[in-house]
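Below are two forms of the same protein chain, given as structure tokens: structure 1, then structure 2.
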Structure 1
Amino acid sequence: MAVFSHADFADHEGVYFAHDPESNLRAIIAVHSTVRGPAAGGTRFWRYESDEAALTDALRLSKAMSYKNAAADLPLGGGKAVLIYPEGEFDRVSLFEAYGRAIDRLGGTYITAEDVGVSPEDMDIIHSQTKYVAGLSAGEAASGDPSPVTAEGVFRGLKAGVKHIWGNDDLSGKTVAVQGLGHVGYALCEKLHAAGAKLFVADINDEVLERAKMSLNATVVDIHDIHAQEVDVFCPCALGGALSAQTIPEIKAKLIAGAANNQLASPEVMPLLEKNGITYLPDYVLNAGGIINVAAEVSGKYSLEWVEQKLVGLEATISEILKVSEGEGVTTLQVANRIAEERLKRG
């Protein structure tokens, strides 16, 4: 399996493979940068179609974490881990214990937290083997699941985007399509509903769809059609790659503001969004609420006031990206990357 010649290898500082036959652990920990501090990023537990697909995910996600942490002005570098979901039966506790030991062997180079398929309870298991973990359910600086803070950041950034396009941030009467109702997606839907937005939702979980229908008056849409709804805003909140050369021509929303990582199938599709008059809020800036919460926990002195300050900064950064993009005639992604890369150079 090629690493250094991999299309998504971006001068990563380290890529670590961990294997424990007894627990069926197969993990890839990608450390993109430690320039600003220890590499921090979540752990994803997923059924990958191949080892190569898992590596691609780890490489792309870890680079995005470097940019995310820099754009949020956090004292953290960027890293990410993926655990390949075992075939057949396995003991979850044993697997996450083995994973915790793998993290500990890195000596603090990488600090983990939750991502897709992982819970605060899993973080507690990891914590039994290493101190390099956040998103814990108990402890002096524990803050639990960071998903609600991620949703809050996305909600604030979305409102900044709405204000930029429509002149005010009033969401009453606005139509919003949300793809993916996981912890972040559903929490975002709750905020949008409370603000008066009309929701269209899609997910593979029928139970959560029924809950959204009954509690949030949401209209359920097929997962293959959610991006193409006649709405004002499209929120990709599932896995990455939702914005592709195939889907973008079908998108009718004027604003894309979602929580998913790596929403662009490739950077090359960004001009297509511009051509179709769609404003894109760069995902790694918009969804930084969770890592902001994690950073507060990593500091050892969790502070709601500090988290709030950083969320205000997130919203301001989104507004600045939109302003500069419009003023200079460049894409929002270019502006966001410029901000992140300048901070990464300064360290």
Structure 2
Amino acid sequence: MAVFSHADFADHEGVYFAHDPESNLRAIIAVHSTVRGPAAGGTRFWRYESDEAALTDALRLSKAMSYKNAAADLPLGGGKAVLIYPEGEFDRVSLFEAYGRAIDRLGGTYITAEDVGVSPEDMDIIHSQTKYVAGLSAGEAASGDPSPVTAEGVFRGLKAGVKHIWGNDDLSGKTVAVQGLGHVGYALCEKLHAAGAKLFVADINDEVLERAKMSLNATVVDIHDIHAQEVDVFCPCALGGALSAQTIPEIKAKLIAGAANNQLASPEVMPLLEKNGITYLPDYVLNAGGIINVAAEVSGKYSLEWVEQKLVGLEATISEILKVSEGEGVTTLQVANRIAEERLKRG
């Protein structure tokens, strides 16, 4: 399996393979950069079709964490780990204990948190073996569920986008389509509703739709049509890939501001957004509230004031990205990447 010549190897500082035959642990911990601090990023527990696919995921996700953490101006580098879901029977506690020991052996180079397929209970098991874990539910510095902070960051960035386009950040009378009413999406809807926006929502979960209809006066629309609503703002808050060559021509919103990771189906669709006059707020900048919350825990002393200061910074970064993008005629994604790359170089 190619590592150094892998297409997604991006000068990673280290790629660690952990194996424990007793528990069936097979993990890849990719450390992209520790220039700004310990490499931080979640652990993904997933069924991969091959070891190569797992490595590709770890390499790409860890680089993305370097960019996200740098754009949020956090004292953290970028890393990510993937655990290959074992074939057949396995003991989850033994597996996560072995994984915790593997993280511990790295001595703080990598700090983990939750990602897809991993629960707070799994984090507690990891914590029984190492201190290099964040996003815990209990303990002195525990930061708990990051979703409310993610929603707050998206809300503030969205308002900066509204101000850029419409001249002020007043949301009363604005129409907003929200795709996905999960932990982040629903909290975002509550904020938008409180600010006077009219909501259009879609989800695959009827219960949450009913709640949004009753409590937030939201209009429920089909999941296949949510992106195509006649609205001012579209917020992808479900899975990745909402912005594709198929969906973009149907989008009528002027602003895209959502929490979902990897909203662009591929980087090649970015010019299509430009061509259609749609302003896109880069996902990894906008949804950094969660990692900001985790960073507060990593510092050892969770502080609401520190989180608030970083959220103010997030909003300022979004405003700066919009200003530079307009001034220089380059895409918002290009500006965001440039900010992150400059900070990664500087350390």
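Rigid core here is just the name for the largest C-alpha set that superposes within 1.5 Å across the two forms. Along the sequence of structure 1, residues get numbers from 1 upward. Please read these numbers as outputs of a predicted model, since none were measured by experiment.
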Structure corresponding to the form predicted alone: 1
A316 C-alpha shift between structures 1 and 2 of 2 Å or more, rigid core reference: no
C-alpha of G182 off by 2 Å or more between structures 1 and 2 on rigid core: no
After fitting the core, S303 CA displacement of 2 Å or more between structures 1 and 2: no
Between structures 1 and 2, C-alpha offset at E22 (rigid core aligned, Å): 9.2
